[in-house]
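Below sits a lone chain in structure tokens, taken as the form predicted on its own.
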Amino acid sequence: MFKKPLLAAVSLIALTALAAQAETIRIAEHRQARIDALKAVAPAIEAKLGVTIEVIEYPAPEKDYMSKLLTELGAGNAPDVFTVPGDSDVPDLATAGYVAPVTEAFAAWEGAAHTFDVAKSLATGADGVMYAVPTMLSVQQIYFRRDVLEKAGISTDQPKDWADLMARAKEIKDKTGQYALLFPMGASWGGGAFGEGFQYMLAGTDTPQLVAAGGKLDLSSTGVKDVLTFYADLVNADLMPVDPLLGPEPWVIPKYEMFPAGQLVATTCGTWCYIYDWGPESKNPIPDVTKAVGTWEVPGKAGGNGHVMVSLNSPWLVNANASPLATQVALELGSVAADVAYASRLGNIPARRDAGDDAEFQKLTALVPVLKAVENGTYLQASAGFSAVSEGVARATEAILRKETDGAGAQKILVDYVTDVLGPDAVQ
């Protein structure tokens, strides 16, 4: 008479085991601060959706992270949810069929109405399909040591145009003897050469986009040449440190050592620098960082209004082979609580307006005013092939660092590389 209850109990145990297995969502994350942020919000997501989240720790450097991710995607064993460094990495993964569209799920999500329009545009492909959940934004400008400039009697006013920016850099070098201005460059910096510098300047030229009307990549524009020429002028005038940029981790010495020491006076960066790079809990904090360090908008080449550059910061993507539940987990990673957890540890800006009303976000005083600036941010529209463009910019700027070419020659390196990788039909 105990058989039926016993069988029922065994069946229930088996079903529970199967359900638990089916509800495990594997999430790839890297760098300790990001891992800590994910682990802080994972329990609430697990409770809300009835899932188990398994955090898969990936290598920290972006190049190593992407190499491992692409290998596992190709092998069919990648995690269910993962990030990529920026929006420029999304189109190629979508074209390869590695990621699931999230358009309908995002539209039905409560956070959609609160998400900045620029974030939605950045997450939507040229085909009108959304392949990434926009959660965190990079809002990037030029950061400078206000205290160093004031001590040297150098103006901290917003530079009017590129010529004014270059003149300010020369004045800094002349009066302080320190390196004046850093833009990420070179093969070792990888995608940062494109995403943390090149695109800032391109947006201020008379050809501010890379995708032409027909969908081809316009890499022969005057704007591309102008940016690379500006870079060459900086390097040739010895205004930026070159040797560290030729090393394996080119950001470490200039951003984490030279800038805090006042040996580098201005650098491109994003809001994360106030917290992750130079904040009180960083490895080399700058005392009273929000007063000691100021920001300039990126000036246009010919003047006009400056701009802040907005891009997606490590947007969440869903593996094309994952269950629909993975999409729901990815959306929950765009909640206010998750956005603020990442913002507090990394200094990035939430992609949703209502994060500004959150009490914990209000404590991040360096980030609060930047959230409002997102409404007027400038962005570069990504398309398939941007991974090749990013690598091409790294190679072109490597040649500039080594003083092997000028701006025109660097542009040819970029055009030739992208043409070789994507074929002549992809490049205008």
Partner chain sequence: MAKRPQLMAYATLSLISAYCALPFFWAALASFDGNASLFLKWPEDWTTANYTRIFTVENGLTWFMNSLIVVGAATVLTMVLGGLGGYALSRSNAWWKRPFLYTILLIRVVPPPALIVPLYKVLLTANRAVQEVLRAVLPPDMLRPAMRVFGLVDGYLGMILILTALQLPLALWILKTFFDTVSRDYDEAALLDGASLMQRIRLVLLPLALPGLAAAGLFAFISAWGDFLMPLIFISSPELQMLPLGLFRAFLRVNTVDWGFLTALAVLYMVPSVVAFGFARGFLVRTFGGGVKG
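Predicted model, so just to flag it, every value in this text is computed and none were measured. Numbering follows the first chain given and starts at 1.
There is also a form predicted together with its partner chain; it is not shown, and the following applies to it.
K.L.:
Using a 4.5 Å heavy atom cut-off, indicate which stretch of 373 to 381, 41 to 49, 360 to 368, 61 to 69 touches its partner chain in the predicted bound form.
P.N.:
Careful reading of the contacts points to 61 to 69.
K.L.:
Can you work out whether E196 and its partner chain are in contact in the predicted bound form, taking contact to mean some heavy atom pair no more than 4.5 Å apart?
P.N.:
Flag for E196 set to no.
K.L.:
Please determine whether V252 contacts its partner chain in the predicted bound form, using a 4.5 Å cut-off between heavy atoms.
P.N.:
Yes, V252 is a contact residue.
K.L.:
If you check in the predicted bound form, is A28 within 4.5 Å of its partner chain, heavy atoms only?
P.N.:
No - in the predicted bound form, heavy atoms of A28 and its partner chain never come within 4.5 Å of each other.
K.L.:
S282: heavy atom within 4.5 Å of its partner chain in the predicted bound form?
P.N.:
Contact check for S282: yes, within 4.5 Å of its partner chain in the predicted bound form.
K.L.:
Select from the listed residues N77, S155, N236, T290 the one whose heavy atoms reach within 4.5 Å of its partner chain in the predicted bound form.
P.N.:
So the residue touching its partner chain in the predicted bound form, by this definition, is N77.
K.L.:
Suppose contact means any heavy atom within 4.5 Å; which members of 253 to 279 contact its partner chain in the predicted bound form?
P.N.:
Those in contact are Y256, Y276, D277.
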